[in-house]
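Next up, structure tokens for two forms of one chain, structure 1 and then structure 2.
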Structure 1
Amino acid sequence: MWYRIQRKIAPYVFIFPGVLFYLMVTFIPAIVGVGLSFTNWSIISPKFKWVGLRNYERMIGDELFWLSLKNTFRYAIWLIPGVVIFSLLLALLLNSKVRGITIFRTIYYLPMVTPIAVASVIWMWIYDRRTGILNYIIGLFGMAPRNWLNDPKTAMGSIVAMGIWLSVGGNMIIYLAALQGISRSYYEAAEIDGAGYWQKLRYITVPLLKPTTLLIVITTTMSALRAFTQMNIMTQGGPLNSTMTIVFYIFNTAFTDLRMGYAAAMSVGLFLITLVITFIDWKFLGKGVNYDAE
């Protein structure tokens, strides 16, 4: 009898540390943050004053909030297709049995294990007007050097390029695993019917990769909506607030302006926006997705 009780209790004992950790670092702070959004608490003052929905009213009329949200969406809209397309292309190239293919897979995956702060500094060197390799390369074609990170027209695109480089490696591995999980019988049947490479790619590979694509789109969307480190290091939200993302604005509001209540309100708004976008992804991209094993 005691053995049966142990078997029933053991799973809960093992998951308890994880649940406790989740409650301490995620769930409880989130609840506290929602409560703070209804106050005017400042980090330098221990006093709380209930202000109701005033922070949310201020957020609706805050032009910089809407600008930062617009910049965040612009970053996400540019980043997501780039990550999906380049990850899939690399996975297709590396899904072959040739000599030394493991070395190439490792090389392409290396950016994924590079800290964002380190990657940001590296790309700042690449974009440097005087000594950057990018300006050197375009100079070979007779083009004038540019201030990539100091021009509102190119700053966001420059950060997006770095984001794609940083994200492609990990998503390539996910696509590669999905490709190797596709049964060869599909391709053999298509070859018997006379299908070529592009037909097999369009009618077999891409449809069967739809669950993987949905996963990558959702995770990349969440990553894009909370982009902060690269903007903080490379541009500090400039020039002219052209790279001011919502998380960077929340950080400045909380720890520079010391308006924790208002920053908490914007965090709640970002959470709701992320929830809606994730639901839209599931609603439209998840149509026809089937996770059942073949």
Structure 2
Amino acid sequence: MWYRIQRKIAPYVFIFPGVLFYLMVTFIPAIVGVGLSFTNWSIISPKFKWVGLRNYERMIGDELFWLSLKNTFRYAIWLIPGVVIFSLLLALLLNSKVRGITIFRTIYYLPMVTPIAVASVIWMWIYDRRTGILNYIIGLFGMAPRNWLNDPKTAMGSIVAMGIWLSVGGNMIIYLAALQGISRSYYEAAEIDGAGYWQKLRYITVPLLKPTTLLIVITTTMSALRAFTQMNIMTQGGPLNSTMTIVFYIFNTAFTDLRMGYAAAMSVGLFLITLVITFIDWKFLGKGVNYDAE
């Protein structure tokens, strides 16, 4: 009898510390954040007032909120396909048995372990108008140097390029693991039927990588919607707010303007948007996903 009770209780006892930790650092602060979004709390003061839906009304009429949201989507729309395509290409290239393949895998993985702040500084050197290597290279083709991060037309693209460079290594490893999980027998059967490289890629590899692609799309979407550090270091949201992302705007509102209540309201807005996008990802990209690669 006691043994049965123990068996029933034991799993809950084991997960209790984890659940408690999650409640403390994620769930409860999130609920508190929702509560704060209905106040005018300034973060430094114990005094605050209940303002009802005023922060949400302001959010709807705030041009910079919508612009920063638009910029965030622009960033995500370029980043996600870039990360998926380049990660897959690299994984396909590195999924072969050639000498020194581990060295290549390590090289491509390195950006993943580079702190984003350090990467931002490195890319600022690359983009430097006079001493940057990018302008040197385009100069070899007779093109005039550009100030990549100070032109509204090129600033966001320049940050996206860095974002792809940063994310490709880690996602390449995920693709590589998935590729190695695909049974050889599918390819052998296709070869017997006379399938070439492209046909095998199109009809076997890509469909069987769908769960992995879904995972990468969802995680990259979430990280794109939270883009902050690179904008903070490289452009400060400029020029002309062209790289102002939603998290950067929320950060400024909370820690520079001391409007924590309004920042909390925008965070709730961002949470809802992320939820909807993740649902759409899941609903549409998840269609026909086959988790059985064996």
Partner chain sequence: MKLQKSSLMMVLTVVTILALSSVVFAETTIVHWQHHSPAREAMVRRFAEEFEAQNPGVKIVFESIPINDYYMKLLPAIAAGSGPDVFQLRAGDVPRYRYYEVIQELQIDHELAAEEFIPSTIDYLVDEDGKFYGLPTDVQTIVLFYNTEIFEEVGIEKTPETWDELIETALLITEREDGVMYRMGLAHGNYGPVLWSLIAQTGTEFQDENGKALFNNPQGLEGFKFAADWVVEYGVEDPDFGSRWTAFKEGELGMVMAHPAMLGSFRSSHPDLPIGIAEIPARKEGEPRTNVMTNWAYVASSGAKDAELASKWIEFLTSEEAQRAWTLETGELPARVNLLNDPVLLETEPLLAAPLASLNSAVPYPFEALSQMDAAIRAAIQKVTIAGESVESAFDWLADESEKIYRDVILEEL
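Just so we're on the same page, residue numbers count up from 1 along structure 1's sequence. Since this is a predicted model, take the numbers as computed values, not measurements. Rigid core: the largest C-alpha set superposing within 1.5 Å between the two forms.
**Student:** Of structures 1 and 2, which is the form predicted in complex with its partner chain?
**Tutor:** It is the second structure (the form predicted in complex with its partner chain) rather than the first.
**Student:** Would Val276 count as moving between the two structures, using a Cα shift of 2 angstroms or more after superposing the core as the test?
**Tutor:** Where the cores coincide, Val276 shows only a C-alpha shift between the two structures that is less than 2 Å.
**Student:** What Cα shift, in Å, does Pro11 show between the two structures once the core is superposed?
**Tutor:** Looking at the C-alpha of Pro11 between the two structures, the offset is 4.4 Å.
**Student:** Once the rigid core is superposed, tell me how far the Cα of Phe21 moves between the two structures, in Å to one decimal.
**Tutor:** Superposing on the rigid core gives a C-alpha shift of 2.3 Å for Phe21.
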